[in-house]
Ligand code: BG6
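Heads up, the chain below is alone and in the form predicted alone; it's given as structure tokens.
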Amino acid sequence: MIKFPDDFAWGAATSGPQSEGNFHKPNQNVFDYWFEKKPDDFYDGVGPDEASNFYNDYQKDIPLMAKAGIKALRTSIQWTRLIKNLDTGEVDPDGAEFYNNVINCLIENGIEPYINLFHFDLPVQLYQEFGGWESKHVTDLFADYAEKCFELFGDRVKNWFTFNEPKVILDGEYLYQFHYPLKVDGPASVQVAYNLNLASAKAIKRFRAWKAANNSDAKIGTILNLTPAYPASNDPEDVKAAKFATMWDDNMFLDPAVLGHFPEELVQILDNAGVLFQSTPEELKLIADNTVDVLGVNFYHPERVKRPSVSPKSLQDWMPDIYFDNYEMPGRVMNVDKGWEIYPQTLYDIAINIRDNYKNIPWFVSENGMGVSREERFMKDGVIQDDYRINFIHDHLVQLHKGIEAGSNCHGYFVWTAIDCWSWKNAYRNRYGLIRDDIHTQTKTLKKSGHWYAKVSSDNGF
């Protein structure tokens, strides 16, 4: 039997904007706004208005999560729900009451709250007024908001996270047009990447001051989606392409968060291309002085690349993917519904990389899961028979355990997700939950994987 460490956290992850619904918020985020303007951009015309109705159902949903073996829940506070006045940071009392109630309900049901501060859901007002994350002013407003969260909820929350998948903000908003404002602007994405690292460091600095003043034992981290790039071959040009892809996709956030600086080679490449971010010595020192206590790693699929078919020296608009082309490995195992390769061994490779190159920092798998469409086809006797999800989680846990046995300092696994959730532009096309949500009736029931995960959690292994 495979056993995990005694203090291993068996959890699940979700987010505010994907679960709560848009009920009674004093402000709107970029997805609320986008859906209001162009509902047809969303799968089946389903937006974030209701989502999984967690705002109204949390008192029933949380005990159901406990039945699925979830002992820790990572969710996020919506900036647009908690803060009434985005310029002054004035708190909305109803928003504060809601999150207090959710945190208390989690604890009452034996579930440890892991609270993330930002999950793609920028208040649209901050984009319209300041350009969103292109503006360093917004990084200060974020730090103000973060400080309010520590003050309001820090007496019960011991695990804080500044951002979820900041890299996806670049991809969706500034490169590949799957998040509002749907821009294609490579140089802007570089500055946004820097500003997100700066915002995280500013929030961590506020956290450390709050922690010292309150004699707290809480910790703070960030959550990064890591997709190490494998070269298509051992050809030096393929290896070079993979090195850049890993620096851009992973190390641009991983290095500042853990090591306190940006990768030197990446900085040189960006500088030579004339797209390096604007920074100051004071800002870089702030980043260096405010690294994370713990790292959350979201992992779904590897990245495979080869040398670019067109040289990056060609006359073309700068984009990060001018340095590599994607490579589709023949014979790969796929989650066809999502279009992602399934390769659990990468989780072992990530574990060893963190052990050897990132101070063996305490870390946990903050997301891992399988999204499948039309799950009703697997319904039998009223239960989704999602053996494919069980196999996916099992195979990744085997590789994670191998990494832990090799000395990597991993202390938890959080499946994505607890209850089927709204997935941005894809809405409910693919379902990820251990718990099924019939979105027409908001009836929620455990899938086969929920029963299986409960036993794994109870046994601390399998």
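Don't overthink the numbering: it's just position in the shown sequence, from 1. A quick note: this is a predicted structure, and the numbers were derived from the prediction, not measured.
Missing here is the form predicted together with the ligand; even so, the following discussion is about that form.
Q: At the 4.5 Å heavy atom threshold, is residue 298 in contact with the ligand in the predicted complex?
A: Yes.
Q: Examine residue 167 and determine whether its closest non-hydrogen atom to the ligand in the predicted complex is within 4.5 angstroms.
A: Although the ligand is absent here, residue 167 would stay clear of it in the predicted complex, with no heavy atoms inside 4.5 Å.
Q: Although the partner isn't part of this model, could you tell me whether residue 53 comes within 4.5 Å of the ligand in the predicted complex, counting any heavy atom of the residue?
A: Flag for residue 53 set to no.
Q: Consider residue 250 of the chain shown here, and say whether it contacts the ligand in the predicted complex, taking contact as heavy atoms within 4.5 Å.
A: Close contact is absent here: in the predicted complex, residue 250 is far from the ligand, nothing within 4.5 Å, heavy atoms only.
Q: Exactly one stretch in 354 to 362, 113 to 121, 142 to 150, 252 to 260 has heavy atoms within 4.5 Å of the ligand in the predicted complex; which is it?
A: Residues of 113 to 121 come within 4.5 Å of the partner.
Q: Quick one: of 416, 42, 413, 31, which gets a non-hydrogen atom within 4.5 angstroms of the ligand in the predicted complex?
A: That would be 416.
Q: Select from the listed residues 375, 238, 367, 173 the one whose heavy atoms reach within 4.5 Å of the ligand in the predicted complex.
A: Contact residue from the list: 367.
Q: For the heavy atom contacts within 4.5 Å of the ligand in the predicted complex, list the residues of 303 to 337 involved, in sequence order.
A: The stretch does not touch the partner at all.
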